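One chain follows as C-alpha cells, the form predicted on its own.
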Amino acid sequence: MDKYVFIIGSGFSSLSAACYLAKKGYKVTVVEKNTTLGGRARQFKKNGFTFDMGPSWYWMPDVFEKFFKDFNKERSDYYSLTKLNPAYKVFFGKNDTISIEDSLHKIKKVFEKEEKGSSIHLEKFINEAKSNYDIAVKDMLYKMPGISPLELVTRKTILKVRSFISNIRKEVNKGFVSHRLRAILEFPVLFLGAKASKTPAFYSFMNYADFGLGTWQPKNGFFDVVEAMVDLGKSLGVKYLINCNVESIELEKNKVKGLIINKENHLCDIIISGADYAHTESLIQKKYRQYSKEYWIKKTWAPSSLLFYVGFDKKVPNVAHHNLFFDTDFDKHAKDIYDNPKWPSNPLFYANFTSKTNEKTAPSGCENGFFLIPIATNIEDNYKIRSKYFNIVISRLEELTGENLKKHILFYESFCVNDFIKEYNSYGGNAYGLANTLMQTAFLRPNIRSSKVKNLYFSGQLTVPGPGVPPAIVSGKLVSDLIIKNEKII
C-alpha cells in the first residue's frame, strides 16, 4: 500500500529527505511557500547579475559526495567543483591581510610568517581537529537522530570527553598568541552560531573542514546543489510544488491526517517539516505542541544576518572570492550579538564576489558583491538601519581596498530580520537556527520526531545535527531513516 509523504519547505534537509524516501518507494511531495525552490539557498537575479541568496561556503565536500553515492550517482554527474585558492582573504586593516591558501602545507608557512613557532602548534591543532572530524562524520553525524542520550556514548567519544568540556577559545589560546591567527582559527565556529568561548572544543572539526579539506565552489554557485538535488528527486518520482502556503496541519486525534494548503485539503500519511520548528507547531492545536513560547525564548539562537546583494559596474580589485573583514573588535561584535543584543557599533562583515571565479554571474566588466553582517535575532529592522549599515560596509570596503566604489554601484538589494520572518517564518528572524552549544547538542536539540503527534517529523537546522548545509543534508537522511525504521516496526 502506497504511503504519501508531504514535506514542508524546500531547503536542503527537505530536498535530502525527499530523495531518500522516494528511493524507498514513498510517494513524496515537497511544498514550498515561495516562488522558487531551495529555501535559504535560493537564487536571486537582477540586471544580468546572479546571486546565491544564502549559503556560499562549500565545505565538507565528502558529505555532498556521500549523498549522491547513496543513489548510485556521482556529484560530478550534476555539477563541477573548483577548489579555491586562496580559499579566502582576511582583512585586518589597510594593507594588512592574510590569505588562507588551498593546502595545510601553504597555510603553515603563512602562520609561521605571522608568529614564529605557530606552524608547529597549527599542525598539532589540525591533527586533533581531524581526529574530531573523523569521529563527528563517521561515527556520529549519520548515527545520531537525537532520540537517546546513549547515542553520544561510544568508545571514541568517551576518549573525547575533554573536548566537550573545554571550548574552542581555550584550545586556540593555548597555542597561538597573535590575535590575527586566533581570529582566523575561531572564525569557522561562526557557522555553528555561538561564541568560541561557548562552543565545545570538539567542534574544532570545522577547522579541519577549513584547512584540511579546503573551500570549494560549484561552477555556477550554490544553487547548482539545489538544482542537482531537485533533478535527482524528480528522477525518483518526487513532486515539487511552489507558491504553496501551508495554513494548517490536520490531525485525526493525535495522528497526521493531511495539510491545508492554499485553503485546499491534501491527505497524507506522514509529514516532515523542514520549515521553522516553532512555526510548524503553530499549525497544530496547542495541546499537541511539544514546546512552549517560553522554551523557544530561553534557547541560545545562532545569529541573524543583514545581507546585501550589490551590482558594481566595474571590477573590484584587491579582493578574493571569499573575504572576511576583521578590522574591528571581534569580541565586541560577538557581545552585541549574544550578550547584550543590539545593532553592532562597528561590525565585522563577510563579502564574496562569485564573479571572481565565474564571470557569468555578472555582466562583462562588472562585479557582483554579496555582503553579510552577523547580527542578533529579534532586533529592530527598517530601511533606515539597513541604509546606515550599507554605507558602513561600502565605506570600509573602499578604505581597505583603496578603491572608489560608491559611484560604481548600479543597485543594491537587502535582506534582514523582517525578510527572514516573512520569507521563511523564521523564529526571531534567525538565519542559522539554534547555536551548537553543549546544552543544545544531539538529543538536547528539539526532537526530530514529534512526541505528541504520530507521523509528524522535523528536519533542518533546528534539529539534529545542527546548522550548516552539510548537517542539513544529513538531517534529511536521519529523519528518513527514522521514518523507514518506524514503518518497519509498525
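Heads up: residue numbers just count along the shown sequence, starting at 1. Bear in mind the structure is a predicted one, so any value in this text is a computation, not a measurement.
Keep in mind that the form predicted together with a small molecule is not shown, yet the notes after this line are about it.
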property: Heavy atom within 4.5 Å of the small molecule in the model of the complex - the one residue of N425, N447, Q43, T437 that qualifies; result: N425
property: Among 127-135, 81-89, 245-253, 387-395, the region lying within 4.5 Å of the small molecule in the model of the complex by heavy atom distance; result: 245-253
property: 4.5 Å heavy atom contact with the small molecule in the model of the complex for all of E186, A209 and F211; result: no
property: is_contact(A194, the small molecule) in the model of the complex, heavy atom dist at most 4.5 Å; result: no
property: 4.5 angstroms heavy atom contact with the small molecule in the model of the complex for H279; result: yes
property: Heavy atom of F111 within 4.5 Å of the small molecule in the model of the complex; result: no
property: Close approach of K66 to the small molecule in the model of the complex, 4.5 Å, heavy atom; result: no
